[in-house]
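What follows are structure tokens for two forms of the same protein chain, given separately as structure 1 and structure 2.
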Structure 1
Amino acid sequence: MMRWAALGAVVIVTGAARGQGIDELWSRNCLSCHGKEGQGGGAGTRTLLTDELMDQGLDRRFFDAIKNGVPDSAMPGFGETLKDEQIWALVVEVRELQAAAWRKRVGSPKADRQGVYTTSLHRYRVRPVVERGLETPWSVDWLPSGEMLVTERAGRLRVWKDGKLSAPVEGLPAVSARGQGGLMDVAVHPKFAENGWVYLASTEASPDGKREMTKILRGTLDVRKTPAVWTQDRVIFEAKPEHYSGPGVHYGCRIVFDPKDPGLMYFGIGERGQMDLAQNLERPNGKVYRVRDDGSVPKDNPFVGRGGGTYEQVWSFGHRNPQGLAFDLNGSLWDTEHGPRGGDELNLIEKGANYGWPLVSYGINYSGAPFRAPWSEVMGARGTPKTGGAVRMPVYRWLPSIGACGLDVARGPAFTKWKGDLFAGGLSGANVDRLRIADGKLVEREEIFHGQGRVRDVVCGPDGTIYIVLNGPDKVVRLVPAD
């Protein structure tokens, strides 16, 4: 049972604290009892840095303890002097301190002298795939004939075959590679052997070059030629020209096909730094989309016939920047997406659902200023915004952020004990987490890879080994069984 006296006593805060950032809030109100690093000691408080206290299921209890106090302890409540978002910012600070202490104590997964990494279920080795010749690789996928396709953000698509990296594919449409944009995902149609289709997600500039938006294209790829040639462009999705916006951030984008109906495809687009538009169905920002493989709109999409300029391709909304998208072995669709400072999310994506951005958030502003709270004045008693429509909360949130990027499910013969688990990558976290879900809930999380580069993509290969696309260094590696 949790001992909430571990939160200790906190100095009473004044109304002047409402404009403070997280560091000042902690320094003025928590440091004297909890210590600079959450180690405790003042007024007899115990450490906040134990593994037991890191469980995400305690988020609300931390929040409530700070807001309402802890009976029979020296912990007062701050609901009358701090706003909900300030209280949540203090929870974020606790989580950041806990994560820093955990990393210092545990370090990164390390190989033994034989180069073997040991996890709770499997032992593996890291093998190089593409070691040189790439510049900011973004994604990989495979043709049925065995060739691996690799995108580079600058706008190049390459073919990896027989241990060699090809020259850039010829005939690709131009992309706008500014800020976080460029050539992003590549996805081979499940029936490629029949239709020859390959799909790309890229950033397109407006004619004046001042505005951009994510675009989905389909083409054919002839790998018999040297270099390979891209032909037969078809636009699968593009936003209305008036909805393009300035270059910079949050383009998405991943593409996946429905395992139950390969003619259906899903992709996500970020809110392009215009967070309020994620709630607006008449704007393309911050959505997960569902279309037929020719770009047509399925009649059973949730917003078909709504009118008023609605994007009928929308499947779900209220997303910030989805850069991981995958179906699990049960046919459920999952995404991972960036929060701000803290609060990256793993979401079960369902038809017509609202995932809350920016109404609610597990994060704070990058500056350290409070932003929102998962539980705030906009939320009703059962998690329903007073502005209408239930918000779907994440199955898991990362605090601090990992820069969630890349997501896939383990399948195939290589790692049988991982079968069905999700594998999520992180850019800023430089990590890959294994996530086990049961009955829609997270039951196990394990970091299996860390500190070898920014993880841009995680993909289960045709043989079941786990491919990891890295930036800085720019290369592709894979995890292979050691047993």
Structure 2
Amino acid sequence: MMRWAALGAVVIVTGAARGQGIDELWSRNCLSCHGKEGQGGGAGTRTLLTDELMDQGLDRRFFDAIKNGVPDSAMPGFGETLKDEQIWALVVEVRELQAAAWRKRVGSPKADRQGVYTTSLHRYRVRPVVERGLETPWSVDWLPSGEMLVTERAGRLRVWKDGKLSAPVEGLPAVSARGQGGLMDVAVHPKFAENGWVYLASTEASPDGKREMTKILRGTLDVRKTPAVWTQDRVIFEAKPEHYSGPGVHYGCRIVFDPKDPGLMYFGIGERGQMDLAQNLERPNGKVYRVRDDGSVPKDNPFVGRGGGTYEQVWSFGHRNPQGLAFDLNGSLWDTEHGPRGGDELNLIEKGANYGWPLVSYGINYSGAPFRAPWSEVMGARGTPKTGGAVRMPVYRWLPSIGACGLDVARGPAFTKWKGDLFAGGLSGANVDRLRIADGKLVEREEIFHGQGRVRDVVCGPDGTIYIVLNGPDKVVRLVPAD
């Protein structure tokens, strides 16, 4: 015991330098006991790779154990020599090691000889939908008459009908497709049969071409013409011209309608690479918005009447890059956010709430350098930033990050046992996860699809089969029941 305690003291000194990546922090301070992969062994240390220890509810316990040590064990405390953000980065390291072990052990379903994938609740096959002719498809939605609309990031909208992809729809606005921006979501109004409205989320450049912002547009679509023609009807949301941003990242953007009141719509815009603005209600960056289907602000929006230059369309704030947005079957609104490394989040979106970015983050920098601890100096007790106002913590976060993009709920009838579960996609993770929520908590996560391309969008189709929009290869596939 003494020997290992002394060794602990030695490694503590060498690990004190700031700005180290997590791999180095781990190998200098922890590897001697916990092993390269967290398997343990040194000084009789047990494995960190058990299911029980993978519970995200233990984050704070881990943080405190690393900071203060584990009583009556060889585990020393590192609070004297490591900063809080370095200690948090080591919790992220532990989580990433656990995830690697989990992937090795559980992995994701592989096709058998008949092309059938077996998951815990359903067996499915992958069927091609659109295999050719798309370049970076972003999103799909359906008209009541059965046509599928598909956007391409470069600024094209196409119609898929009877196995054929149309020429680009005419009449679309100019789209700035720089960096991660471009033509993003397409959403058909739930009462399309009555009003003919289709909504687009599109990136617009400022007049000097140097800055850009996400804009929400409404128009009608005439599919009797070939190619179909879109006629813009009105701008639903645009930022003030002085609030367009330079960096070509984090535009959002999904559009969803409230199942209880189809005249209400929600969409999310990323912080556009200017993270501090996510906390500023007078700037459009890093928000989830709620407006009427004509763009007007509902009177019961949380920041109506706040004054100053408040964007009264804001529903919630402190978001990094919400690229997934969906109502579940109970009418709760969820988002998935592309966060920093280890900080991809699933959030339950509530009126007026602050989701914390960048004050509080579970992630670290993609370089591996520590960023902030969720319980760092900016935070007081119980997740309340010293700047005031409680921060909502994510219901789940992905480690390693999956590049969260695309979210929907399974509505049936195709996969009855999945009904009500959320399906979340990942770009870098090339995955679709099934998430089951009970009482606001994640009770089940299962990777049901993996390794067939970057997942840009996941949408439950009109028949209940699960559509997956892939980038690289650029195509649309769907999961259909195998039984």
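All residue numbers here follow the sequence of structure 1, with the first residue given the number 1. Think of the rigid core as the biggest set of C-alphas that the two forms share within 1.5 Å after superposition. Note that the coordinates shown come from a computational prediction; the quantities given were computed from them, not determined experimentally.
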Pair member that is the form predicted alone: 1
Core-superposed comparison between structures 1 and 2, Glu446 Cα displacement 2 Å or beyond: no
Large Cα shift (2 Å or above) at Leu435 between structures 1 and 2, core-fitted: no
Rigid core fit then Ala414 CA moved by 2 Å or more between structures 1 and 2: no
Cys33: CA movement between structures 1 and 2 [superposed on rigid core, Å]: 2.6
